[in-house]
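One chain follows as structure tokens, the form predicted alone.
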Amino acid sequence: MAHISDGVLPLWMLVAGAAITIILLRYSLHRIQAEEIPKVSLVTAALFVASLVHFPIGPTSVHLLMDGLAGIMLGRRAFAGVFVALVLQAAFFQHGGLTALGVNAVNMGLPALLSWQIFMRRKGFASRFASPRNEYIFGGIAGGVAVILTSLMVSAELLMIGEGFREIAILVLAAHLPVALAECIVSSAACGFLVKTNPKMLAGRDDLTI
């Protein structure tokens, strides 16, 4: 449901999505170090696998996106991880499509970058309200917001095509509300666990702006 298939979007939207994706890929991969690649690969594999687990909701089904947690763990590298995962999904399982790859990457990659920023802001919050639960709170918020933003972007793009896609756009948004709740819980638990056991798995703290 979060993937837009080939042949749905107009050419101008596909070109715009491809252009934005190229810019964000350049930003995401800027000065990447060899030691970062194993973690990026691990999270990318998780994104790929998450798309294979579907949950029926009404007349359709949805799957976990995990773009929020990807942003929390990878920081600026998250966009590159999302892009590679989408390429593999399109190539092996026809999730989305190759011509719509740029748009789909933006729909999931931008929320991933935003989730990173949300999670990193916990430090400013902690300086005023010290709490051992900050990682849980901000991790959960970041995970849920990423899913909501992805579904909003997909719905908006479908509405821009024409009234014929209005019901589908509404369905996309409604179907992802329970997914947002699930990912809020998963991201919260994952962040709390990683902070205690292996904080290096979370995004670096040296770059707080996109």
Partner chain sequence: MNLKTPADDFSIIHAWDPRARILSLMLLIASIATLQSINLAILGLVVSLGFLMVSRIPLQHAIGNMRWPVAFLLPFLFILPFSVRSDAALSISFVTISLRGTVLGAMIFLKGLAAVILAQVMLGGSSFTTNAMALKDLGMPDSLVQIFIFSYRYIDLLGQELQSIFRSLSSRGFERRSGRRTAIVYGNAFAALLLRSHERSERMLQSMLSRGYSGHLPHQTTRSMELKDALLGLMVVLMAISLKVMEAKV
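Residue numbers count along the first chain shown, from 1. A quick note: this is a predicted structure, and the numbers were derived from the prediction, not measured.
One more form of this protein should be noted, the form predicted together with its partner chain, which is absent from this view; the next part is about it.
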Looking at its partner chain in the model of the complex, is some heavy atom of each of Ile4, Ala50 and Phe165 within 4.5 Å of it?
yes
Please check if Leu171 has a heavy atom lying within 4.5 Å of any heavy atom of its partner chain in the model of the complex.
yes
Taking heavy atoms only, is Ser155 within 4.5 angstroms of its partner chain in the model of the complex?
no
How about Leu88 - does it come within 4.5 Å of its partner chain in the model of the complex, if we only consider non-hydrogen atoms?
yes
Test of understanding: in the model of the complex, would Arg122 fall inside 4.5 Å of its partner chain by heavy atoms?
no
May I ask you to list the residues of 174-198 that have any heavy atom within 4.5 angstroms of its partner chain in the model of the complex, in sequence order?
Ala182, Ile185, Val186, Ala189, Ala190, Phe193, Leu194, Thr197, Asn198
